[in-house]
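Take a look at this one chain, the form predicted alone, written out in C-alpha cells.
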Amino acid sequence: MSTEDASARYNYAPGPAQLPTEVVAEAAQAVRSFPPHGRSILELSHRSTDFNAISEQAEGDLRTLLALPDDYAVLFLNGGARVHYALWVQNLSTPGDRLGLVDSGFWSRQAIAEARKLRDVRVLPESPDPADYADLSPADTDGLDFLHYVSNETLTGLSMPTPQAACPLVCDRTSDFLSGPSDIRPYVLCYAGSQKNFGTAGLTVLVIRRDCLREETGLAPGLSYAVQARTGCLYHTPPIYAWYVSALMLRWIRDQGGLEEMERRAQARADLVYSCIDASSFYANPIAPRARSRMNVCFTLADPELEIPFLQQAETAGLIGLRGHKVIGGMRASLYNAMPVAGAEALVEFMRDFERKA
C-alpha cells in the first residue's frame, strides 16, 4: 500500500469525521447523477418532490432510531451547533427565567458565555472542581427553569451522564448523538451538528418538544425554531447536500442495527484504546474511568518531544487526524459511528509498536 493510499485509511479527526465507504460512494454518485432525472443533487430544488422524499426519509429514520414521540418536532437547520448556545436561550426562555448551565469543560464554557450575554445564569456545579458535575442531584437544580449541559467534551474526552434534574434539560449532543440509545423525555431540546456521527458539515439537527416552540421571540424569522418548524425547515433554502448525506447516514445506522449496535461498537472501540493506555506508562489519560468519553479518547505521551514523530509516523501508517486540540495539545482519537472496530485495533497496534521503538 502506498503512503497516499494509506493516508485515507482511518480518520480519527474530531469532525468532519470518517464516513462509511458505501455512504461516500452513494453521495458521490448523486453529485454526478441523482435519480430519477439524472441531474446533480447539487441542482435539486428544495421545493421538489425528490427533496421532499429525502427529508421525509431522514426524519422518519431519526424518529425510529430515537423512538421519538409525536410531541417532539425535528428540525434540520443549516449551520453549526455552536450558534444554538445563544439561540436556545432566545427561543425557549424569557427574561426572568432561571437558567442553569453545567461547567464541564471547554464547550460548556462557550455555552455559558453566550447565555450570560442574554440572561442571568447559575453555573453548576458550584464547587471549584468541575469534575463534580457527575454528582449533580435534583436539589442542585431546584428552582431552575432549564438546565443546559454538553454531553461530551471533545477537547478533553469527558462524558457527562444525563443529570437527574428537577427541571427540563437542554443539551448540546453534537459529539455523541446517535451513538447509543437515550431517553428523550427529560429533554425539551437536544441539538447536534451532523459532522461527527451522522453526516457531514453544514447541518444541525434539533429535537424539540413542540410546546416549547414559541412564536413571539423577537428574533428574525430564520432564527425562530417555531417558524422553522412551521415551514418544514424551508423558510430559506436549506443545505440540501448536507441534509442528503445525513439521510444516507441515518439509513446506514438503521440498517447496521440501530443505536444498540452503534453503542456496542462504540464501547468496543473505546475499550480497546483505553486498555492500551492504561496498560502503559508511556501513554496517559487523565479522565476518571467513570467519566471517559467513548467518542473522543484523549491521551498524552510521557515524552512530549515524541508527539511530532508520533503524528508523522501515524500518518505514514494511514492513521490521520490524531492531533489533539490546539488549546490543550496531546493526542485525540475520535471514534465516531462510522469508525470500524478495526480502526481502533489499528491504532492500538501502532501505539504499541511506537512505544516499543521509542
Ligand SMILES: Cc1ncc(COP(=O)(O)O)c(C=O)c1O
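Sequential numbering from 1, following the sequence displayed. The structure presented is a predicted model; accordingly, all values stated were derived computationally and were not measured.
A second form of this protein, the form predicted in complex with the named molecule, is not displayed here; the remarks below concern that form.
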Exercise. If you check 152, 141, 246, 179 against the named molecule in the predicted bound form, which one has a heavy atom within 4.5 Å?
Worked result: 152
Exercise. Heavy atom within 4.5 Å of the named molecule in the predicted bound form: which of 251, 119, 209, 82?
Worked result: 82
For this session: Among 266 to 274, 89 to 97, 189 to 197, 233 to 241, mark the stretch whose residues have heavy atoms within 4.5 Å of the named molecule in the predicted bound form.
Result: 189 to 197
For this session: State yes or no: in the predicted bound form, is some non-hydrogen atom of residue 107 no more than 4.5 angstroms from a non-hydrogen atom of the named molecule?
Result: yes
Exercise. Can any non-hydrogen atom of residue 159 be found within 4.5 angstroms of the named molecule in the predicted bound form?
Worked result: no
Exercise. Going by a heavy atom distance of 4.5 Å, is residue 174 a contact of the named molecule in the predicted bound form?
Worked result: yes
